[in-house]
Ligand SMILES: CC(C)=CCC/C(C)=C/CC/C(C)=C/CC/C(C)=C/CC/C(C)=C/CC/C(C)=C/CC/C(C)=C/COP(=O)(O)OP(=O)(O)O
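Let's start with one chain on its own, the form predicted on its own, as structure tokens.
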């Protein structure tokens, strides 16, 4: 089972749909089974606040009952849990607080650097677009981004930094399709992830026309039936 997951986790280029689960939010066993057996390509575990070692390892142990690949999006050093198939490290490109560009990772590398398996680490070039989101406040992100600026950030992640992922994050609200389209026009190698505010199959399908991978999160806890419908809606687009 582990070998099956490793084959798929290292090829994120095949991911079209991903569910994102927050360790700080409650989900029942039956609901978790439906998410993991939905046909989604992977599960990302991550959140902005109240993410701890204990609630992260608890969620991982429950997801491990299923064959779906599972990655941890690292939000703080204390919540790094061994046993995930991969580790996504968000580099917030439009953060105005330098702590969230490099400083936090320097502290993490001082402690964990010698033990990291680098083939399991994927750096995400993150663009935070919702000024009212917790992640925008935490990172002091400049969210008023014009389309030409979005293209510039996409080129920064893709051509200059050569990051595997360019992540457009609207965190709780449905975003601007034209911004995602603008990024897609200039990206050559990075995989474009889109996350934020998807609450229907129609919205998922619309964003999937331009984003390579659609991340569905909050709706899992609000309307699971609608969340599950997003899987096939996305996969029909590619």
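Quick caveat, the model's predicted, so the values are computed rather than measured. Numbering follows the first chain given and starts at 1.
The same protein also has a form predicted in complex with this ligand, omitted here; what follows describes it.
Among heavy atoms of residue 143, none comes within 4.5 Å of this ligand in the predicted complex. Contact annotation for residue 73: at least one heavy atom lies within 4.5 Å of this ligand in the predicted complex. Contact check for residue 77: a non-hydrogen atom falls within 4.5 Å of this ligand in the predicted complex. Remark: residue 94 does not count among the residues lining this ligand in the predicted complex, judged by a heavy atom distance of 4.5 Å or less. The stretch in contact with this ligand in the predicted complex, judged by heavy atoms within 4.5 Å, is 168-176, chosen from 168-176, 26-34, 204-212, 63-71. The candidate site formed by 15, 41 and 184 is entirely out of contact with this ligand in the predicted complex, as no residue has a non-hydrogen atom within 4.5 angstroms of it.
The partner is not shown here, but in the predicted complex the stretch 99-120 reaches within 4.5 angstroms of this ligand through a heavy atom at 100, 104, 105, 108, 109, 112, 115, 116.
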